[in-house]
Structures are given as structure tokens and as C-alpha cells.
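Taking the form predicted on its own, here's one chain by itself in C-alpha cells.
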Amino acid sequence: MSHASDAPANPTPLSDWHVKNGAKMADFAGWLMPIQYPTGIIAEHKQTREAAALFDICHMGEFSVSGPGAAAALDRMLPRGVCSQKVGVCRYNFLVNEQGGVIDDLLVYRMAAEEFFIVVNAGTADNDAKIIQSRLPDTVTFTDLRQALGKLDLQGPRCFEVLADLGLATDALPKYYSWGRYNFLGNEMIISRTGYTGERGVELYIPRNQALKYWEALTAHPLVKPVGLGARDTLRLEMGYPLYGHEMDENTTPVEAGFGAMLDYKTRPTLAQAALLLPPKKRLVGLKLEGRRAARNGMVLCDAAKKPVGTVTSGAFSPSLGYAVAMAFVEGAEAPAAGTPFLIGDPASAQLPASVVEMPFYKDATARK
């Protein structure tokens, strides 16, 4: 989500490297980030699907929540259980308001019985920090780690080969959606098996002042190339992964966004439980378009009779599939069945034909392998 502000964008520790290596830079969530490198978005997309790609994710926010009562406090705050989460496990979760709307989607790492590591989106990080702190009891300590940590994502089916060549035994790496502590290139760090591309990958949490050292060591490997936010967006869209500000916001619940099955708010008291138990007002669906022309965020979604029934949230040409795909919200408590036809665009103008398909759009990703 773009950050509308007159203030200059914050550089990451790697912004100078990106500029020197020809990256097209732009303001993203208040940070100066690489959108693409000279090879282009499609080449970077294919690099991630076929080999290994490195992403600068130093703009993201990281917090620590620890002390007596930390687990119970987060359990009350988040719609997906925390007390049931095992040490060593990462869980996708949501910071919500009292109406069930998503303030942010985030990752919760359980570090110990009463210690948690939370990773949040860049554009919402300041607000997230205030809200989380306001909901914690005095016995729990909140620590903002953004100035201390950097984050690099190494993604792609061959990323384990890269790590092995650099001295990290891949048979000791964590399983999918787990984390561990490792010594890698001279530093103790957290490494997790999550990501935003659908491919096998790791997230490296490194000392922020050593981000350039790790970036250069990894990009020097012949299997690795740097990849920007443009390809990151097409990769996540092919997997049906949400982007905050598009598929999620404070007027959209996790249930409406398609994550109701992973939540356990029905069986335990939690913030927004009553709101989440109400029938959803809309449902997120995946759409396959006829051809290469892409739908865009905000375009009107119409039924076969050209009646407006929803809104496109994300859309792009899929480099892996060879046609355009999109995600959209359709009004109503029930999601339309696969194959349901829709038209995208203003009813008074030329519209793009589309039909509902199951997500993810791309079925051959390697994240769980």
C-alpha cells in the first residue's frame, strides 16, 4: 500500500545499493524501495519461480511482547489463538478493531512460554505499536525492534542450495511456518520458513547495520538475483495472498477476506468475537480473465446482467500462467461458485469478461517442500 505523505521516503540500509545497481525506486508505505531492476518484472518473477530471489524487506516492523500474561493478552487481542501456539511456530494472524475490521495482518512467532516476536506491515507499524501497547497489561513489556533489525527474504525452489553453499546446513532448517536460531555468516539470527511468494524460502532477521554484508554475500551467489516489489506483487497475487490496503482494511474482516477457517474466535472469548460471528457482508474471490489485459484495484465488478455487485482489489497479468488474474470482493454472505461469470469495468463501457476460479491461481509452488 502506498504511503501518501509530503515527507521524503525513508531509505532502507540497502537503498543506496539498489540505486547503484539500476533499480527503479519508489515510495512504498513511506520507504524508498526498489520496484524493479534493469532485467524487468517478468524476468524477476521467473527468477523467483525457477531459482532463487532476494528481497529487501527492511521496511517491515518487528516487535517483542514478553512477560507474565503475554500469551493471555495476545490471545484476547487476536482472532487466531496464541495460547495454543507452540514454541518454535509462526502463525499468520490479525490485529482487529472491535467491529472485526483488520487493522493489520501480521506474523506471530512464539519464542518462549511468555515471549513473542511480531512482524507487521510497514505502513501500519506505528499505529500497530500504539494499539498493541494499549491492549497489554502492566506485567507485559513491549519492545520496538525496528531500529535494531533488518529483514531479507530469500525465496525460490533452489534457495536451500544457496544456503548450503554459504555454510548453513539445510537439513537443520525449520519446517514450514516454523523458526529457529542459527549462526549464519558470523551472526546469531532468527531464520523462519515463511514468505510472500509461494516458493520455498526463508526470512533472515539480521542486525540492521549488517544488512549490506548479507545482501552482497547472497547476491554474489550465481543462483541468486535481487527482485523488487513489482515481481513480489505478481508472485503474491498468483498465490492469492492478500495485500493490506487492497484485500484487507479496517472495513474488512478476516472472515470476509477468506481466512475464517483458520480462526478459532468461535470457541474462546476474544476482541471482536461478536462482530466476527455475524454473517459476512462480502466475500473475496479469485477471477480468471480472458486474455492478457489486467483488471486493476477499484474497478467495478458486475454480474452477467451488468449489475454492479463488487469491487476488484488486485489484478495483474500472471507471468506463470500466461493470462490475467484478479481478486475481488463480491457482495453477500456466500461466495459465488467456481465458474460463475462476471464482467469487470464500468457497465457503460467495454468490460472485461472473467469467471470465478479457486485460489491459489498458481498450483506448482514449492513453499511446503
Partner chain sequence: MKRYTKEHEWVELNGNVATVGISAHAADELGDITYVELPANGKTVTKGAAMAVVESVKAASDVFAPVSGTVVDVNSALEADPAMLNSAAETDGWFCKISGVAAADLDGLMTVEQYAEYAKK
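Only a predicted model underlies this, so the values are computations on that prediction, with no experimental measurement involved. Positions refer to the first chain, counted from 1.
From this point on, the text means the form predicted together with the partner chain, which you will not see here.
- Residue heavy atoms within 4.5 Å of the partner chain in the model of the complex occur in exactly one stretch of 336-344, 66-74, 48-56, 312-320, and that stretch is 312-320.
- Taking the partner from elsewhere, no residue among 91, 135 and 270 has a non-hydrogen atom within 4.5 angstroms of the partner chain in the model of the complex.
- Contact annotation for residue 194: none of its heavy atoms lies within 4.5 Å of the partner chain in the model of the complex.
- Contact annotation for residue 29: none of its heavy atoms lies within 4.5 Å of the partner chain in the model of the complex.
- Proximity of residue 121 to the partner chain in the model of the complex: non-hydrogen atoms within 4.5 Å are absent; the residue sits far from the partner.
- Using a 4.5 angstroms threshold between heavy atoms, residue 86 stays clear of the partner chain in the model of the complex.
- Between the partner chain and the residues 181, 266, 175, 292, the one pair within 4.5 Å by heavy atoms in the model of the complex involves 292.
- A single residue from the set 60, 327, 41, 301 has any heavy atom within 4.5 angstroms of the partner chain in the model of the complex; that residue is 41.
- Taking the partner chain as positioned in the model of the complex, the residues of 230-246 that bring a heavy atom within 4.5 Å of it are, in sequence order, 230, 233, 234.
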